[in-house]
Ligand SMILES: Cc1cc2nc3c(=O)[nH]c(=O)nc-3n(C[C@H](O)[C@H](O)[C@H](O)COP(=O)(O)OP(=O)(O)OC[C@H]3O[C@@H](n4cnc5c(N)ncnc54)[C@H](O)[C@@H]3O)c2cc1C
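Take a look at this single chain in structure tokens; it is the form predicted alone.
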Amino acid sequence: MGTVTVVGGGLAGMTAAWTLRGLGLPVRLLEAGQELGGMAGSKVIDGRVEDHGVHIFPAWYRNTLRLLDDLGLRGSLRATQQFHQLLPGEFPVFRTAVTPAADRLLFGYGVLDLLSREYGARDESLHDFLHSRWYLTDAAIADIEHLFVASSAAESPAVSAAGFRGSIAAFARHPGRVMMPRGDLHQWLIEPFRRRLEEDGVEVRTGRELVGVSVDAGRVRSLTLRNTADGATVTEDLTGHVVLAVPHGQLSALGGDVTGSLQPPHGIDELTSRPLGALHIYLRRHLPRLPDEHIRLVGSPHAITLLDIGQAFEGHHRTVLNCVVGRVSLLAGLPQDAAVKILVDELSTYLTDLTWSDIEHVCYQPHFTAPFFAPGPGLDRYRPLSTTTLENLHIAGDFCAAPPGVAGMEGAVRSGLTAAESVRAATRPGLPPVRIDPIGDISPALARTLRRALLPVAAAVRALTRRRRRR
């Protein structure tokens, strides 16, 4: 059997390469960029290392956290204590909750209601679910919708209710502190991961972009690669298996021979992604009274969350605001300077001590050409399995089939494992299956029992909120 070729050096491809090499298979890893990591990586922009965005590691990221353990990199993370919320004009007072207690109780009942549902092949949007619940207040709905767009770039009509249910169940079944990296992911995760791959014998080649795939007689026969340094292309015959760990848009562009081999066929063409912007602001001074954990700007028009990595990351001595811009799509078409001005002016309505004279440098990454996969309502059925109908082709990526709610970093790692398992089953069936840890769920029947028992409480609280609003 020939070498296994993994195309795509993001976290999915790196995980697949690591796992396959652990099975004793010869592996080469090809990446179009000059660095590995994909959306989990970093870029050097204007002489500074800039992350793609802010990353968190919940306790239910079981496969991701086990991968870090296997790599000896769990120490690259630290536990967070809480999620801070800031309203306009209230700095430096941060809250842990922003809606009244009654609204929070009704939201909790809504979570129970959502957990009681069995979507199966059916689905609905988060917007439709929230707005069809008689007990939810407008304030609670608005807060939930804003929180979601801040974290995923998706407005509630484009969010899968089944996926939201899956992520809530995962948090409930796997409680624990949310972890965050001690520094940029290139230094603390991607570069050490690359070193381990190369030390274990994986051939890593960067600057190699996949531009074509040749299929014949039920197999991938060759790959056409472009050298990104000089633009030269070369077609390489393929004797072994190949794992394509590239974004779903790039996979779709490879044509019908590839997309038709997926399971389901051509389903990948239905998947959607949305840009999740990043704005990094370097200050000339330390901005006092900021926590060293994640902050949500409540009601922010562009759905901004931020982290002062000057405190949170090692090696910084002044404030560096690492902002995620959930509604960056609203800025599409604007010149960069105009977009930055809008966002900084918005920030200053929350961080009232922040002035333009404080700012030394700004790095704005709207990511319009590198969007974030966001599974929409009913789209889970189009997410492809890692195994295809071509005997030597396998697929990895956060868009691959997974339990509802699993995407992002955990989805990428999980897909790398499932792709490696697909290769193992085809090439080394005598070896034990690749370990893939399941994500826990909540019994809908149990949730329905609790929902019925608490119905009188929800009705009473909702009546109280109505009387309160009439005053």
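Start at 1 and count along the sequence shown; that's the residue number. Since the model is a prediction, treat every value here as computed from it, not as a measurement.
Same protein, other form: the form predicted together with the named molecule, not shown, and the subject of what follows.
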Contact segment among 65-73, 417-425, 440-448, 45-53, judged by heavy atoms lying within 4.5 Å of the named molecule in the model of the complex: 45-53
The named molecule contact in the model of the complex: residue 30, any heavy atom under 4.5 Å: yes
The named molecule contact at residue 166 in the model of the complex, heavy atom, 4.5 Å: no
Distance check, residue 222 to the named molecule in the model of the complex, heavy atom within 4.5 Å: no
Non-hydrogen atom contact residue 38 with the named molecule in the model of the complex at 4.5 angstroms: yes
Residue (of 257, 293, 270, 209) lying close to the named molecule in the model of the complex, criterion heavy atoms within 4.5 Å: 209
The single option of 262, 202, 246, 136 touching the named molecule in the model of the complex, heavy atom within 4.5 Å: 246
Residues in 379-403 close to the named molecule in the model of the complex, defined by a heavy atom within 4.5 Å, in order: 397, 398
